[in-house]
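Okay, so here's just one chain, in structure tokens, the form predicted alone.
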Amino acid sequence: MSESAAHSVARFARAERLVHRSVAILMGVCLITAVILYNGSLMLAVGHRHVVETVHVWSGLALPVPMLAGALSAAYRADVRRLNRFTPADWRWLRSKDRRDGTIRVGKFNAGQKVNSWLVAGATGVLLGTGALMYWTGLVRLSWRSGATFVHDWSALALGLLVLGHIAYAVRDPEARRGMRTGRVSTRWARTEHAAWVDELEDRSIP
């Protein structure tokens, strides 16, 4: 075992990293094309509205595919269960002003990451449903399509802000980015940020 491996722990399986990258690419394409379609000046500069709209629609329809495909991975399913479980430590983490100093022992995901995952999943479902009503115009009457457009636009704005916030936090935490890029993080970082998760790993290693 190399020295770097001896001082690091496995955080994400390959399947999980592939899901994250695929979702990030598809969501990025959706948001960029949405901005182009919504802004008349950008649309005039880019041109080819039909192409941009087609890319936007099919990227949106493809967005849930990596999430569903990830269910084939046991590691992915285990992390989904973790994300869906809120603990007393998570509530304390949300209320604390010093939540990142390591005094609150949280699991593999902190409360902020859990809430972010819920919001992204929920917004994806809303955008997929409203987008389908907007694209296939024969599904519902005009008043419903108008309502779907309103919900779609505001949900897209909220999701865009959420993604920007997610990126801002990632930029400030190179070790977290390393975990998603390589699958491993330093043991020191893991003990500071996710102490309860490290305890869980150590308990598993005891025969």
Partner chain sequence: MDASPSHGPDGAPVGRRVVLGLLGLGALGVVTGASVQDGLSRMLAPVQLRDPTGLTSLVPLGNTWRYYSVTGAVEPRDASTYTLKVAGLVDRPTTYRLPDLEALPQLSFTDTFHCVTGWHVPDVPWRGVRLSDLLDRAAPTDEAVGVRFHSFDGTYSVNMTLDQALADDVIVALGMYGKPVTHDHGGPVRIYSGSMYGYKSTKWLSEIEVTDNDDPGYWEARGYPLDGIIGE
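Numbering follows the first chain given and starts at 1. None of the values given here were measured: they were computed from a predicted structure.
There is also a form predicted together with its partner chain; it is not shown, and the following applies to it.
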Report task. Find out whether any non-hydrogen atom of residue 29 is located within 4.5 angstroms of its partner chain in the predicted bound form, and reply yes or no. Result -> no
Query raised in the report: So in the predicted bound form, does any heavy atom of residue 63 sit within 4.5 Å of its partner chain?
Result: no
Report task. Classify residue 113 as contacting or not contacting its partner chain in the predicted bound form by the rule of any non-hydrogen atom within 4.5 angstroms, answering yes or no. Result -> no
Report task. Mark residue 82 yes when one of its heavy atoms lies within 4.5 Å of a heavy atom of its partner chain in the predicted bound form, and no otherwise. Result -> yes
Report task. Could you work out which of 44, 171, 68, 139 is the residue within 4.5 angstroms of its partner chain in the predicted bound form, going by heavy atoms? Result -> 44
**Report entry** in the predicted bound form: members of 96-125 within 4.5 Å of its partner chain, any heavy atom
**Finding:** 108, 118, 119, 121, 122, 123, 125
